[in-house]
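In structure tokens, one chain follows: the form predicted alone.
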């Protein structure tokens, strides 16, 4: 039975650098929470503190009724009911596939008479049946990553922790790996904490996404809310899928930009005449010969879902959907499909 993970007010400093500053969140039973952010933002440090690979300077981590770390309390990594998948797989070259899983079961105190059943069940789940006696060097990249998942899950942990597991996989293997994780989660109902710098990856797998910015948890929300209602320009940049266009708040709340006049936001973030930033998502901009906005086309390419045109508006590069390629240097008109989030500059 999956347990609720509660992380409360975590702080961590390495020398003069404060890596985490009061990070708090929860992961509900059966939920996948992605920790999203750029390199050095604190997401992997948070995962390591949850795993017990490092100690926080302050704060608390609890899994169900068990306190894993708090002032005066500490449960070492090997006694936490967690499975871990590392970025570099970290497989043991001298052990066969079966020996990897047996080692974990012994370390977790699983009775020997259960080993064969659990190993067979887990190898079948990750489609490694028949590779029991293979060594890591004899596995393909995809098989090695599947073994890392099997090793993490064979002891049936309360939660799975994954640190950039797709970072070293090419696109087809990444697609297969994410599909495997989604299937296993549906079958096993485990909770997961998933670290990534790739927003698309986080959105595909996670129920909610926690966006980190320089050691602070900037926003935690569903993928839809993060895309349409980012809490800050920093969150908008990290989530991606668009660009920040400078503008000036005009009378009545409309925003004057190099693209044209954009509609007023629901709540004005600044006073009339002040500088603002508008987050324009690619999917919300479309070329339209009768549109009210105007920009300079720089390039067009087909991205598998349709034509994508790169536009220049002042010093900002935007991307918009179009029905056909557009010639470089052509001035085009476009429409905005929904009002953008607007922030004070």
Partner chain sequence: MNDPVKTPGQPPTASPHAPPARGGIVPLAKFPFDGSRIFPALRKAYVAVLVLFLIGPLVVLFIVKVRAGVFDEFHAPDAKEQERLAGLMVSTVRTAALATALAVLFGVTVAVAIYRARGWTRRILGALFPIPLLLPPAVVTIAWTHLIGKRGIVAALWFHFTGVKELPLSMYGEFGTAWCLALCWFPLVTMPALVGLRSVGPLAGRAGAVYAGRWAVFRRIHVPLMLPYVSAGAVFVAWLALGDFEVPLVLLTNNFPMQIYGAIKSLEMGLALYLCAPMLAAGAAVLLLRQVLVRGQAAATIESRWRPDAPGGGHGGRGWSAAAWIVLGLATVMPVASLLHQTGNWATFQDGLRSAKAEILHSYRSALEGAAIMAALGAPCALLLLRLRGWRRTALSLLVFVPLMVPGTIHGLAWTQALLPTAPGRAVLGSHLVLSLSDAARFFPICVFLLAAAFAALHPRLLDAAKIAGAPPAMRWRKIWWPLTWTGFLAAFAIGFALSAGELNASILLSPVGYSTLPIRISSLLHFGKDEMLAGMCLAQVVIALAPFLAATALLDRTLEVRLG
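Numbering follows the first chain given and starts at 1. All values reported here derive from a predicted model rather than from experimental measurement.
Form predicted in complex with the partner chain: not shown, discussed below.
A.B. asks: In the predicted complex, which of 186-194, 206-214, 103-111, 236-244 comes within 4.5 Å of the partner chain (heavy atoms)?
C.D. replies: Contact-bearing stretch, as computed: 103-111.
A.B. asks: Kindly confirm or deny that 201, 267 and 305 each have some heavy atom within 4.5 angstroms of the partner chain in the predicted complex.
C.D. replies: None of them does, since no heavy atom lies within 4.5 Å of the partner.
A.B. asks: Would you check, heavy atoms only and a 4.5 Å threshold, whether residue 136 touches the partner chain in the predicted complex?
C.D. replies: Answer yes; at least one heavy atom of residue 136 falls within 4.5 Å of the partner chain in the predicted complex.
A.B. asks: Looking in the predicted complex, any heavy atom of residue 223 within 4.5 Å of the partner chain?
C.D. replies: Judged by the heavy-atom cut-off of 4.5 Å, residue 223 is well away from the partner chain in the predicted complex.
A.B. asks: With a 4.5 Å heavy atom cut-off, would you call residue 93 a contact of the partner chain in the predicted complex?
C.D. replies: Within the cut-off, so yes.
A.B. asks: My question is simply whether residue 142 lines the interface with the partner chain in the predicted complex - judged by any non-hydrogen atom within 4.5 Å.
C.D. replies: Residue 142 belongs to the contact set for the partner chain.
A.B. asks: Using a 4.5 Å heavy atom cutoff, which residues in 49-66 contact the partner chain in the predicted complex? It's fine if the answer is none.
C.D. replies: Contacts from 49-66: 51, 53, 54, 55.
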